[in-house]
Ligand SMILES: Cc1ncc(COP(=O)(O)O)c(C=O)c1O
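Next up: just one chain, as structure tokens, the form predicted on its own.
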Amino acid sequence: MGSNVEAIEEFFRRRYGGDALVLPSGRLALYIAFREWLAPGDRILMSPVDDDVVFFTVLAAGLVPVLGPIDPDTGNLDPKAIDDATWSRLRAVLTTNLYGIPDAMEVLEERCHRHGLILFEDACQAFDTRVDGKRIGTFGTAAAFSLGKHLEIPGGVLVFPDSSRRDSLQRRAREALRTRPHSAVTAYKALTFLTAVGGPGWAPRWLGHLVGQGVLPSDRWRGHRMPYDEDAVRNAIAGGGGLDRFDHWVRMDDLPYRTPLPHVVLAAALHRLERFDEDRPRLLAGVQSLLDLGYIPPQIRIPRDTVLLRVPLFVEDRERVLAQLARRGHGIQCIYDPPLDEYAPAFAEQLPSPPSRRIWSRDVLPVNPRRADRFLALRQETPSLFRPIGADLSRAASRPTRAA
């Protein structure tokens, strides 16, 4: 096991030029970084178009989320729309790199330098993303990666330039690790073994159902966001935060997010990392085939030479499209609707954001380029189902939402 961990960490050191620490998940990598560099009560700027698990990880670390304005052309933070008074009240910034589309890293770097802020990169969706040739994951104080996103296998990696922090980060990781009940771990190991050996389609559906329904919280979905009880969250905050108090929400879709990775998973993760550049042309072809459909308004800036985690298509009646795809066995993930400023306004500060940001939550259909052929075949069966929202983002954002 040790040799695989060392080899994965060395891969990330070579690729990103900093030290690296293998962890069970990207969300645990974020939590440990927050605990290492920030203090409870610190304000952290983040995007309202982000995963609710990330939001609860921020709360678990005792931080105050400040939900910033969205650039409708990228779906990420718009740092130029934030005034100096707001910057001066912050302690840190968390990027998103939504679907692999890069944040405005040069502007964020400059603002963080000017105001003495810590820049955390959530690089979980941006394994292949660059800005002017420089990789996402090399800009900030620390960067969190998720092997589960691009490689479709459990695991996470924290990259950090300051190698003197390694012992402290390892100690924090050991303190955060937990072993789950035997039945849950057994089901998880079986599922990850089959995924590691053959890919996501190899595990039998009943095993995925056991892990999904039997050992994860039964209330984990309500639309595209997890449900929560406001009083329960307030009590967790008042109790001092921490992963134990926030575990119900942070583990919502990933029970073993802080359980040590099995040997077979580490071996498979290393294999997939080493093969990524070899697989890259095929993955880029999947991205391009989806971009060519014409469902992306021209002003939206999508990097063309990047293996995106998801290709964001923009369609009318998105919920109806999702329902039809689900009936044909094609699920769509990574939808962040409603935005966090509407989902959890009681637990965050909010900055004004343009109405056109709504397309990134309400109208986006994020398609996995690894499944591009399957999606294209389904679209061919029902072409009238897919209607683009059009080029006028303000007009598209003002449309009333239709029920699924």
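So that there is no doubt, residue numbering starts at 1 and follows the sequence shown. Small disclaimer: the values here were computed from a predicted structure and weren't measured.
This protein has a second form, the form predicted in complex with the named molecule, left out of what is shown; the following refers to that one.
Wondering, does C124 line up within 4.5 Å of the named molecule in the predicted complex on heavy atoms? Output for C124 is yes: heavy atoms within 4.5 Å of the named molecule.
Since only the chain is shown here, I'm wondering whether V364 would be in contact with the named molecule in the predicted complex (any heavy atom pair within 4.5 Å). Although the named molecule is absent here, V364 would stay clear of it in the predicted complex, with no heavy atoms inside 4.5 Å.
Given that the named molecule is not shown alongside this chain, does D51 nevertheless sit within 4.5 Å of it in the predicted complex, heavy atom to heavy atom? Taking the distances in the predicted complex, the answer for D51 is yes, it comes within 4.5 Å of the named molecule.
Report whether the minimum heavy atom distance between P65 and the named molecule in the predicted complex is within 4.5 Å. No, P65 stays farther than 4.5 Å from the named molecule in the predicted complex.
Taking S25, L30 and G155 as the candidate spot, are all three within 4.5 angstroms of the named molecule in the predicted complex by heavy atoms? Yes.
Within 4.5 Å, heavy atoms only, one stretch in 337-345, 355-363, 65-73, 51-59 touches the named molecule in the predicted complex. Which? So the stretch in question is 51-59.
Heavy atom within 4.5 Å of the named molecule in the predicted complex - the one residue of K149, H248, R111, R165 that qualifies: The residue in contact is K149.
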